[in-house]
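In structure tokens, the next block holds one chain alone, the form predicted on its own.
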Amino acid sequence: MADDSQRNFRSVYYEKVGFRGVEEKKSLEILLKDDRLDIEKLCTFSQRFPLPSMYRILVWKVLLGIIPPHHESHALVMKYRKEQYWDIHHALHVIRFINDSTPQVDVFLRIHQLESGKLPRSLAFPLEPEDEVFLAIAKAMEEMVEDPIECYWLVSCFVNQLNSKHKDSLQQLPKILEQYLNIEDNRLLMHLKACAAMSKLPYDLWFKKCFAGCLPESSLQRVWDKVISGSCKILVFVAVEILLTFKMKIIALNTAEKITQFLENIPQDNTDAIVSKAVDLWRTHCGTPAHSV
């Protein structure tokens, strides 16, 4: 018991002085040494702690089902993923949907469309709203992942997760945002309602695109850790914390258009602190998942 309390004290101390992850990294390494990775434990770890950058892509690939839990299958499955990518890439070249100068994220979109049976009959067809979401997430992921094939599968499987597992929950997030903002700062909520801004907040940017194009890479990764491991509700608390952080600026604006325009282009210099506060707020309202190694 003394060892547990001492360990808990150290973890809290490390967190307070800014050395989060000293012992957590060791815990994750123990989980990753298992012959068969425990998906539930990896989800719980990702919910509780930010993933160390050196392991983030591996954990995301496992949680999104890109590779199976068994270590010995990883190389073979990625070989098949690579072959599948290049087969579709070649087919799109043949039908002239892509060429050597097509931007990488547009290539990703066309591969995803062909895979999901949604490739338009012509390049002249305008992009659908869901395509815009895909491109936003792809542009953000491209900054995080060097290998284009890994990047494609991460984007495609993340978008599929959002459209299946989280689809119903995502539709409820604007209403849930209003509930928590009422708890945290009723005056700010009243101002947004008085300006008729609540219905015009950048919900697509925040919730459908999961803050891609809003937060810089270092902040966005920590938010996506939570979403990929099962909690899209973290998106609500990031939105609440953005509103709280820029409260004085928002209250000084008196139209929905000005408020929305500001929120779509928030300053980028304080976003890590915003995400940290959002995670704390999320834990306060939703609790902390139990974790065992």
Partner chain sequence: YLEDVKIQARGQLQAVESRYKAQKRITQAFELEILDLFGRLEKSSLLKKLEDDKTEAAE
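Positions refer to the first chain, counted from 1. Everything numeric here is computed off the predicted structure, so don't read it as measured data.
Keep in mind that the form predicted together with the partner chain is not shown, yet the notes after this line are about it.
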property	result
Per-stretch contact check against the partner chain in the model of the complex, the hit in 172-180, 71-79, 209-217, 99-107 (non-hydrogen atom, 4.5 angstroms)	71-79
Contact check for 90, 95 and 116 against the partner chain in the model of the complex, heavy atom at 4.5 Å	yes
4.5 Å heavy atom contact, residue 153 and the partner chain in the model of the complex	yes
Interface membership of residue 187, the partner chain in the model of the complex, 4.5 Å heavy atom rule	no
Exercise: residue 249 in contact with the partner chain in the model of the complex, heavy atom 4.5 Å	no
4.5 Å heavy atom contact, residue 36 and the partner chain in the model of the complex	yes
Proximity to the partner chain in the model of the complex, single hit among 147, 83, 204, 132 (heavy atom within 4.5 Å)	83
Residues of 118-134 having any heavy atom within 4.5 Å of the partner chain in the model of the complex, listed in sequence order	121
